[in-house]
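Below sits a lone chain in structure tokens, taken as the form predicted alone.
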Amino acid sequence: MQLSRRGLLYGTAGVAAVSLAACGAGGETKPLTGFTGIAMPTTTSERWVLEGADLEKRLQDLGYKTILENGEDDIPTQIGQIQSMIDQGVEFLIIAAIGNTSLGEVLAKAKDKGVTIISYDRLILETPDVDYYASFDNNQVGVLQAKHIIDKLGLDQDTDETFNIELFSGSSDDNNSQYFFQGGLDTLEPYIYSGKVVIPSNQTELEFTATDKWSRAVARERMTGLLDEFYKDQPLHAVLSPYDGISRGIVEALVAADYEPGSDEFPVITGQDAELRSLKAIKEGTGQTETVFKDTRLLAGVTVDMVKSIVEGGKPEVNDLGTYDNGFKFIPAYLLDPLNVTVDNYKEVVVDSGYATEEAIDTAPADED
């Protein structure tokens, strides 16, 4: 298992013990079989489709039975799917939550059945029943995005030039949004204080920058409004965008406002998840200029190893015990490192690693409304 830069692996001593056997009739214990329910949030983002399938295959390769469901961005649907998994007798739940505060009641029912609950990528909040968290260093995602803007605009150069930037954040019901956003804002803050970076809209808080359900259409609408209100007579130099789908919505708004992709006047636009459509734009210079690659194959491996460790009577490896407070406790976590991807290194990072082929990037279809 790859180690995060955070250093030595910590044990799980001092955290709530996880049941290593299921209780049967009469109170006897049964060996765990690895029966796992996988609850993914949607099929509208390609990452969740790929990750759900990867998790399922890895678990099945170990001989474990699985159930895989996608909630299609509907909280009651996901709750119903999780309840069905509990009713079918799963021993583990791997959950990428749609609403991070919506699952307390159903997870309490799971815990009553002795189910081990792993929060996958998105931290589940306001429940004591989450056992582990597997994700990436989400603050670092925002740091990488902001550093790309700093580099592309030359903010560290000795110049009196000022630059106009707008900020976007993710869905307000996803706990990761605040980490992406704060990492980016903290990195840009010295340039904002010095006056080198100006945010004409003054929209610098999650409340105003959030993009409901990470929607491309919502991002496009907000960007259109910002352009109409604040950029009639001044240039826009960069947009801090947290996710590739949002980034593509921003590009669509810019193109509709007669900004020309690839020109010197086109704003620097960040992203995340290395989706094929965005990789194509980065490669061809037709809009978005950066994405943050989170190798979900590693994340799936970490998560499956957590299940395997418990089935075999051990404890999962974690490397963070004090960062992610879900409102009840700090959740033992394993955090992986994200990677910055631009036109200069996409081949090395994404193609050469086997994550995507040049052909898949080149033939990625356009977004559909």
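Numbering starts at 1 and follows the sequence shown. Predicted model, so just to flag it, every value in this text is computed and none were measured.
Although not depicted, the form predicted in complex with beta-D-glucopyranose (BGC) is the subject of the following passage.
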4.5 Å heavy atom contact, residue 294 and beta-D-glucopyranose (BGC) in the predicted bound form: yes
Distance check, residue 48 to beta-D-glucopyranose (BGC) in the predicted bound form, heavy atom within 4.5 Å: yes
Partner proximity in the predicted bound form: residue 122 to beta-D-glucopyranose (BGC), non-hydrogen atom cutoff 4.5 Å: yes
Proximity of residue 166 to beta-D-glucopyranose (BGC) in the predicted bound form, heavy atoms at 4.5 Å: no
Contact stretch among 104 to 112, 265 to 273, 76 to 84, 187 to 195 - heavy atom within 4.5 Å of beta-D-glucopyranose (BGC) in the predicted bound form: 265 to 273
Contact at 56, 64 and 92 by beta-D-glucopyranose (BGC) in the predicted bound form, all three, heavy atom at most 4.5 Å: no
Proximity to beta-D-glucopyranose (BGC) in the predicted bound form, single hit among 100, 209, 176, 140 (heavy atom within 4.5 Å): 176
Neighbours of beta-D-glucopyranose (BGC) in the predicted bound form among 201 to 223 [non-hydrogen atom within 4.5 angstroms]: 214
